[in-house]
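To begin, one chain is listed below as structure tokens, in the form predicted on its own.
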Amino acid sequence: MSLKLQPKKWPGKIREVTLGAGNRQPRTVGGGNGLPLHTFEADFPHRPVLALEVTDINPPRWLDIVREPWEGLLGKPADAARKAAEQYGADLIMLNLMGTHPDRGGRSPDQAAIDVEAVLDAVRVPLIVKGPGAGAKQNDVLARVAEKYHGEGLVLHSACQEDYKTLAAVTVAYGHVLVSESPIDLNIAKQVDILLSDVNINLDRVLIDPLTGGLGYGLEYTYSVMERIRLAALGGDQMLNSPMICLVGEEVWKVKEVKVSERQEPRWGDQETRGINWEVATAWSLIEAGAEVVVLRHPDSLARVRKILDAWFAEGASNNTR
């Protein structure tokens, strides 16, 4: 007795968003017309992309395990970005401007712009620029960066329901991509995209960051919300069909199970292996939920997730391209 599968056809699809322009080598994400990774019944013109995080200052809270691959490069964003792209094979770079936060040095928007310029000169992959967190300082920093590097298709992280107008304006004016951030809530994710649409942002230039926790710290709730976002998008909801981005590294490397050493908990095994496993497990779960852009912190995690993606999207498995 044979079993014939009937492919599920959806009325909607995920928007295609192109990251990077000008001197960047652009990468397009989205475009799928089926459930995540359902290559046996749907078309996915673009596979998920992987980014590595670099920082403008030497991050004081990073664990030694995740600092080691960046030895001598932390706080040197251009050099770190070059290594991330050329040696570690990152599709994108995320420059975390944590040093602009008032509690971490309060570096100025002009200093941030200098760091962005150095990274843009060092690599040709698209660049995500992460500000210090919602508020006036983030608006000042990202607006300065957006203005100075207009036409480079930067990904500005991020706008939220309470604070979006400034970043929406500079996204439109200077040709960038904006991340729409919501606190693990489908309704707020939709509302932020509606607000952005109302101020004339083309949603083909928007990514949704649904926020997440690491494995064991709310991951299953994030997965459920992302799943509902994807189902709504495939059902035809034009306000929820933006590709999703997840900042995995910053969530994973702060959880107890990753931070505790083998000396403290011998039964937990090698701390480095455990940490990388934690990051990979979190990242792949979110890709299964629909993440199109995944930002990692440890290069070994990126290599392992890429290996899984390579196998999944192997030639002949589907009509997809990288």
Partner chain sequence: MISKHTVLTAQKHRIIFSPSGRSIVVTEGTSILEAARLASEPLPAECGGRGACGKCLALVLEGDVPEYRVIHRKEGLSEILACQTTVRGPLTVHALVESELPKLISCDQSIGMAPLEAWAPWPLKLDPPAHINSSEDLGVAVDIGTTTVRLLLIRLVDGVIVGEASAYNPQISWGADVISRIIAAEKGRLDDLAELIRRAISAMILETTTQATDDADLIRAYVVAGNLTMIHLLLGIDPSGIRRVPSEPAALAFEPVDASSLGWPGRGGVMVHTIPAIGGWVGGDIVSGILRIGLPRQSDGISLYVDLGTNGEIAVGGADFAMACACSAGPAFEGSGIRCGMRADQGAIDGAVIDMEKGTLELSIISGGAARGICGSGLISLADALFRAGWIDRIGHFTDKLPDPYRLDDKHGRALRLSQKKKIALWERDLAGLIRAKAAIFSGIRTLLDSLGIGAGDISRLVVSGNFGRFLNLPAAAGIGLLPDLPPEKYVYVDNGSLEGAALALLSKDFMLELESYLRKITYMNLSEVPSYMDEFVSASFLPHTYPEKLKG
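If you're wondering where the values come from, they're calculated on a predicted model, not measured in any experiment. Numbering follows the first chain given and starts at 1.
The form predicted in complex with its partner chain exists for this protein as well; it is not shown, and the discussion that follows is about that form.
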Heavy atom within 4.5 Å of its partner chain in the model of the complex: which of L74, L186, V170, A78?
-> L186
Note: exactly one of R144, R107, R82, R228 sits with a heavy atom within 4.5 Å of its partner chain in the model of the complex, namely R228
Heavy atom of each of Q191, L195 and L240 within 4.5 Å of its partner chain in the model of the complex | yes
Within 4.5 Å of its partner chain in the model of the complex, counting heavy atoms only, one of 87 to 95, 155 to 163, 202 to 210, 114 to 122 shows up; tell me which.
-> 155 to 163
